[in-house]
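Here you get one chain, nothing else, as structure tokens; it is the form predicted alone.
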Amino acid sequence: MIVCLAVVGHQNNPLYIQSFTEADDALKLHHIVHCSLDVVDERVNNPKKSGPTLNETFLGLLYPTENYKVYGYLTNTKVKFILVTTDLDVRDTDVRNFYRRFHAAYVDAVSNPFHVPGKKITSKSFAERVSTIVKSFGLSSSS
């Protein structure tokens, strides 16, 4: 189950962050997202160390914690997507497919002529589309 999803700008400014839990652990999830940015920077700046190739956008598992797994994705414009999940047996193909769909939704949202680049994404249609993608991820990973 996806518990948190974040879009972070190329200057590490939060553009969109959404928690999908009913508990009051939003601050904890924000902290996990913030800590994962260091791992993303390390993998991007040191590609020789067991990381993805330079043209690979999917960064894979950034780090596991006791209760969560954190995955990363880097767009061509250096915008980072961070996914926090409670599923400890997630397949990389499921995460890759999720990121493909999420990236398409992100591109549609920032292509809106009323969106100011570098500012938070406040589109309701983007939030609804993200919610649909997150729900479908939960269904596909359980089968």
Partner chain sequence: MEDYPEELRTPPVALACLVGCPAVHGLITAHLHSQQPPINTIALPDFSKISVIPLKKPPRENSEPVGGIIRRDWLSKHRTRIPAVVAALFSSDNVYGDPAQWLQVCTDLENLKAVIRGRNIKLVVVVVVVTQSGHKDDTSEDRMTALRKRAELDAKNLIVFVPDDELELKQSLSRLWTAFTELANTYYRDEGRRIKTRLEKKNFSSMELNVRYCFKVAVYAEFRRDWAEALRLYEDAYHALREMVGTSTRLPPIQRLVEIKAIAEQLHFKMSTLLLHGGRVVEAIARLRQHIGNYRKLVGAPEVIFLHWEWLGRQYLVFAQLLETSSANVPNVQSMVSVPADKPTEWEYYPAYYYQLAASYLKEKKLCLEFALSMSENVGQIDGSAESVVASAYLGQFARLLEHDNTYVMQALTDDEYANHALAEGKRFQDSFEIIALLKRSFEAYSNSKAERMAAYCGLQMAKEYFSVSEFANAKQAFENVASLYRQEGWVLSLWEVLGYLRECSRGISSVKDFIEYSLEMAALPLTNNAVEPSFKDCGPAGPASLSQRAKIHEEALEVVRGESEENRDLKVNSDYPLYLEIDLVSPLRVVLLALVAFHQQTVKPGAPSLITISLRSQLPINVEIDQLEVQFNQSECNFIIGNGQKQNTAAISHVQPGRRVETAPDLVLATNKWLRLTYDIKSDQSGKLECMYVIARIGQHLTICCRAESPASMDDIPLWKFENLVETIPIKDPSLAFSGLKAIQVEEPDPQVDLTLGSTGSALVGEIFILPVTVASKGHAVYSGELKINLVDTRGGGLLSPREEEPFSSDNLHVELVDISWETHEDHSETRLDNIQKIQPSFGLISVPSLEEGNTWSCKLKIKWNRPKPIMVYVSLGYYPRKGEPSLQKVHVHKSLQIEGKTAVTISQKYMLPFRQDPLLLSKIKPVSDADQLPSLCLNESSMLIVSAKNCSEVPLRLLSMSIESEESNGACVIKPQHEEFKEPIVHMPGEEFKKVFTVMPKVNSTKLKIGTVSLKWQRDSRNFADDKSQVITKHRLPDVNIELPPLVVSLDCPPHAILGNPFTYSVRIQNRTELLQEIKYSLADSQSFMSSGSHSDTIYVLPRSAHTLRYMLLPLGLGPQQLPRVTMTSVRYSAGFQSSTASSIVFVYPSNPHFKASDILEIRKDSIAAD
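Just so you know, these numbers come straight off a predicted model, no measurement behind them. Positions refer to the first chain, counted from 1.
If you look for the form predicted together with its partner chain, you will not find it shown, but the lines that follow are about it.
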| Contact label in the predicted complex: Thr122 to its partner chain, heavy atom within 4.5 Å | yes
| message | Please determine whether Asn67 contacts its partner chain in the predicted complex, using a 4.5 Å cut-off between heavy atoms. | response | yes
| message | in the predicted complex, does Asp92 come within 4.5 Å of its partner chain, counting heavy atoms only? | response | yes
| Partner contact for Asn13 in the predicted complex: its partner chain, 4.5 angstroms, heavy atom | yes
